[in-house]
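One chain comes next, on its own, written as structure tokens: the form predicted alone.
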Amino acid sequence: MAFGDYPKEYNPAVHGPYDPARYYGKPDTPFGQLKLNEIGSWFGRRSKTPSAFMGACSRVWWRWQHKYVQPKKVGIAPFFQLLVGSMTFFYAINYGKMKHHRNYKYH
């Protein structure tokens, strides 16, 4: 699959209009419905290629967009989600500098 192509599993006659938030491969048991002894085989059935990982990230992005950013009446939730995500990211990348400024008890 090259950049900008549809997934090879997508068939317009069967699936209708293309939805970037949908997985068009063979359906499998959702992760939330697995039993503990099935987790290893479930991960074994996953495709571990970089294109499969990027496809999963793209589906997550589009599902978030469809749920929070693109509905007719958008609330304030996506703005707070971006705010908390960016605060967490910048805290993580600056943690090494901030840990030297801790207040220590000297007595």
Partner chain sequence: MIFSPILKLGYLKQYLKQPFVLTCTKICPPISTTKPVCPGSSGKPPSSTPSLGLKRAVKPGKVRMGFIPDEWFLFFYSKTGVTGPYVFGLVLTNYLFSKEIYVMEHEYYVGLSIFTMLYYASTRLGPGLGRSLDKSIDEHVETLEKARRDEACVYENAIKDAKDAQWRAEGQKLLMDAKKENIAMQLEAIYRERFMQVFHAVKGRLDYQVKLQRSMNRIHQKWMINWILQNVKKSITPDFEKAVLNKAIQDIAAISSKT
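Numbering follows the first chain given and starts at 1. Predicted, not measured: the structure shown is a model, and the values here were computed from it.
This next part talks about the form predicted in complex with its partner chain, which is not shown.
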Open item on the list: Would you classify residue 12 as touching its partner chain in the predicted complex, given a 4.5 Å non-hydrogen atom cut-off?
Closed with: no
Open item on the list: Even though the partner isn't displayed, in the predicted complex is residue 102 close enough to its partner chain, meaning a heavy atom within 4.5 Å?
Closed with: yes
Open item on the list: Residue-level contact is defined here as any heavy atom of the residue lying within 4.5 Å of its partner chain in the predicted complex; does residue 46 satisfy this criterion?
Closed with: no
Open item on the list: Within 4.5 Å, heavy atoms only: does residue 81 come near its partner chain in the predicted complex?
Closed with: yes
Open item on the list: Would all three of 68, 73 and 98 be in contact with its partner chain in the predicted complex, where contact means some heavy atom lies within 4.5 Å?
Closed with: yes
TODO: May I ask you to choose, among 60, 39, 77, 52, the residue with a heavy atom within 4.5 Å of its partner chain in the predicted complex?
DONE: 77
